[in-house]
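One chain is shown next in structure tokens, namely the form predicted alone.
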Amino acid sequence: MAGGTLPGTDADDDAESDRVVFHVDMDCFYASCERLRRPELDGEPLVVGMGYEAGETIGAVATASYEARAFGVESAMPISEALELLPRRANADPDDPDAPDPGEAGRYLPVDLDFYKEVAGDVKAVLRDCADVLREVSVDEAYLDVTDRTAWDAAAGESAAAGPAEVRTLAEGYARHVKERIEREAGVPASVGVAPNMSTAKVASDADKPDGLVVVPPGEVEPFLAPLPTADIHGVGPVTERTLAELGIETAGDLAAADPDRLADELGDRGRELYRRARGEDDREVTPTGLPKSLSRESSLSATADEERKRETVRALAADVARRARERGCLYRTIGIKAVEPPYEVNTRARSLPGPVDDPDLVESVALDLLDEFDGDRVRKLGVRVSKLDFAESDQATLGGFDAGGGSGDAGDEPGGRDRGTEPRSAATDGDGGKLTDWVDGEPDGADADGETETDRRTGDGQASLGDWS
């Protein structure tokens, strides 16, 4: 690696100081997804809610854009309360003196989980390609350990990121690369925090939203945290915040200077853990949440109906996906494609196989066969996916006798998949709003990667859980 040691970092620091952790947090993810397919909503106060239909007022806010938050609208707020703060734009009539001011009204849209899954899958594909170790926390956030991809070595120039970093580092450049890939390939913005450990990276990703990049190098963690309110420390929820305030602890600096024995008396083992985090000490490793359920690669195109270009793209994607599956030692039972038509009509097709296989030629053959359904259609993105993965140790298999031209699509294998020829194609835009009980994160705010949870939850950028992103 080029560059020297960062100022304030001793050459004999623990290996933990060499660790580079990213926390990627999607900004108002549902609202960003809606703006992806409806660019005219950009800059508009936008509320995405669940459990209500247009014209009704029963339900809750799943997410609110930053423009809507300026009016006081927050996640998990009842729609009726949100409407009092931000009237629905459809009710704004400039000719009616009693109607709300159009400039102080917002757009209200129902949750469309199928569509958000598609976009989240695009984000996950980028993250998996950019990190060897990935922990998906929820639909809109993940931790990446990129220690083997980059370093804290100084690079040329001053830091352009927010936060305490003065010298530009290789880690900053790589984080910007990840952000730009997410925006380019998934079409939605993300905020990224970069730090030597998980808890500080999470705090950093929240420090400059939206579309932020905050870098906290080794040696700068504790001074970065010190002035922040205790509520900003990962693991401190409203209940713990009140308890700390009663002890006269208002900031992370106060918490770092507190008596750890007294904190343990008040909060148990969590008291000592929060004490360490306020001091910038967090030795947890980023651990994957489990084996992937699918492997996919996608490629954005200038909208085209050129059949040869489409087929060449699918061939390349199929070869790459099959290679990645073989490298990971997994078999697959389903092969599928995704075709996105302008402006953002997402279509997926999939075919189940008689048994698990490792057969790159079959992946290409089936993917091209599924692509035939889009003959003559303009597409702006193509993808190939293998799913129903089998990581069990077994002899590699092929199905040389499988008729790639036959078989039927399996609607249960891919989001939006259908039996070919049985139903018309449609974009994944018919979400019924979901259920209010679905409004949960993969891990609560205040939960760490080991499952510690805060008994109270504060609202924020929480999204309805989609489980696995794809």
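Start at 1 with the first residue shown and count on from there. The shown structure was predicted, so the numbers you read here are calculated from the model rather than taken from an experiment.
Keep in mind the form predicted together with a small molecule is missing from the figure; the text below concerns it.
Contact annotation: Ser352 falls outside 4.5 Å of the small molecule in the model of the complex, judged by heavy atom distances. Looking at Arg69, you'd find a heavy atom of it within 4.5 angstroms of the small molecule in the model of the complex. Taking non-hydrogen atoms only, Asp140 approaches the small molecule to within 4.5 angstroms in the model of the complex. Contact annotation for Met26: at least one heavy atom lies within 4.5 Å of the small molecule in the model of the complex. Every member of the trio Met50, Thr63 and Lys209 reaches the small molecule in the model of the complex with some non-hydrogen atom inside 4.5 Å.
Picking from 255-263, 225-233, 75-83, 366-374 the stretch near the small molecule in the model of the complex, with a 4.5 Å limit on heavy atoms, gives 75-83.
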